[in-house]
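First, one chain by itself in structure tokens, the form predicted alone.
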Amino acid sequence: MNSSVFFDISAGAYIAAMIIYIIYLVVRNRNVGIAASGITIFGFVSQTTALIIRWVNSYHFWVSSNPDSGFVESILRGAPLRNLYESLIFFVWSLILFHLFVEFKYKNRSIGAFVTPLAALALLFIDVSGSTKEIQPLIPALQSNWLLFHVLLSFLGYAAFGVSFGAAAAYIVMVTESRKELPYIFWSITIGIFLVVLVAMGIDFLSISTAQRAEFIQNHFLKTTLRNPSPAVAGVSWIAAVILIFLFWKFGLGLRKVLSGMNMTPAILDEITYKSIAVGFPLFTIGGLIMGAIWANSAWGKYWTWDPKETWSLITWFVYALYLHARFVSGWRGKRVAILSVVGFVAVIFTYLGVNLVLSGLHAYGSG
């Protein structure tokens, strides 16, 4: 059985849920919120089914190539976490899992309008990046029993950080009274840049042939607009980007009125942000850093090599460690720690995608 059908169904469900969650924020209709949650759950069940099918297929693929492997080893090395496509799919699954837990625990659907866009963006990135969706042989660097535990715990941590980002972004919107406040300026510019890059990637994707999409990120990223060889085209693109960011800054404050009318308070959002990071930080510490170091020593003979991926993982760890330290020791609350949560997730995105796709290093296999 092919898992791609269930993945496509889940992708469509998450995108539909994102739209309905946003509509729910605007119309404040209970039935609309129930529909958004129902579609999200349907997508999650479909994606879970797809992951199970792909794991079974990957297991058989590994066994056919390595008939002497034991059952447990084949299960561990057959985990569908071997390339960029599979890791993105698992990140989305983990993100939705944490989101649904938070939604049912706090009995509030508003946070879905801030979390489901992350899932939709990740799924969109899969299509525009040219990532292969075929089951591939496990390269020698990944042939380890540490693969499942290292990647599994790391991405569960990433997902928890993603939920904290959504809650922190909503918190900043709710407590902002003026567009001139630094937290709002930071938040609106950060989201505006994400939107600019997303639109530019879409234009890139439409402007290249199907054959070129396999090398999209490496050779065509933003070259249709912001990195265009023509100074005139690049100049117009940068002006358009600045205008788009300005418009988001100008009208983004309108979200405050929308959120204020929902059953959501800054205190709840602050609590969600903190608890998400409190869950994600030990997962990322154990899975991403400690297990990663042990695996690195067995694979390369060194626990730490200052590879770009390792370096940015450490930077990400320090940001969230600073968040927890500032909250517990210095008593920080509110906007300052919310900004740290947003900065932390920006570091997560660069650790996960930026390093793999832009920089080179021992973790370059993550780009394929």
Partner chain sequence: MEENEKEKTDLFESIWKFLASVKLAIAVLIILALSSIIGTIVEQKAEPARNIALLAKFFGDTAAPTVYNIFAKLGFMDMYGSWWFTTFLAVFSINLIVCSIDRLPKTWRVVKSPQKPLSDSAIKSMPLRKELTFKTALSEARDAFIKALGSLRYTAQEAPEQDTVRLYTQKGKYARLAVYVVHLSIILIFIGAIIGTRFGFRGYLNLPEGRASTVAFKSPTEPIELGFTVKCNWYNTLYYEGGDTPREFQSELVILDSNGKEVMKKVIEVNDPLTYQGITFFQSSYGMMSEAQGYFVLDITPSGGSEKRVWLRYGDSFDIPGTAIRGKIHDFSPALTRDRKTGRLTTYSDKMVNPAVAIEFSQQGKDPYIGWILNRYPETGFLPGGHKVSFADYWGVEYTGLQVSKDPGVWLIYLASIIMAVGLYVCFFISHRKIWINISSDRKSVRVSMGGSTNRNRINFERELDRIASEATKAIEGRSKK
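Residue numbers count along the first chain shown, from 1. In this text, all values refer to a predicted model and were calculated from it rather than measured experimentally.
Another form exists, predicted together with the partner chain; not displayed. Remarks below refer to it.
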Scan A35, V45, V56, A321 and let me know which has any heavy atom within 4.5 Å of the partner chain in the model of the complex.
-> A321
None of T265, S74, T285, N228 but one has a heavy atom within 4.5 Å of the partner chain in the model of the complex; the exception is T285
Specify the contacting stretch among 191-199, 274-282, 148-156, 173-181, defined as having any heavy atom within 4.5 Å of the partner chain in the model of the complex.
-> 274-282
Contact between H325 and the partner chain in the model of the complex at 4.5 Å, heavy atoms?
-> yes
K105 within 4.5 Å of the partner chain in the model of the complex, heavy atoms | yes
Partner proximity in the model of the complex: N297 to the partner chain, non-hydrogen atom cutoff 4.5 Å | yes
Taking the shortest heavy atom distance, is V27 within 4.5 Å of the partner chain in the model of the complex?
-> no
Output the sequence-ordered list of residues from 72-102 with at least one heavy atom within 4.5 Å of the partner chain in the model of the complex.
-> none
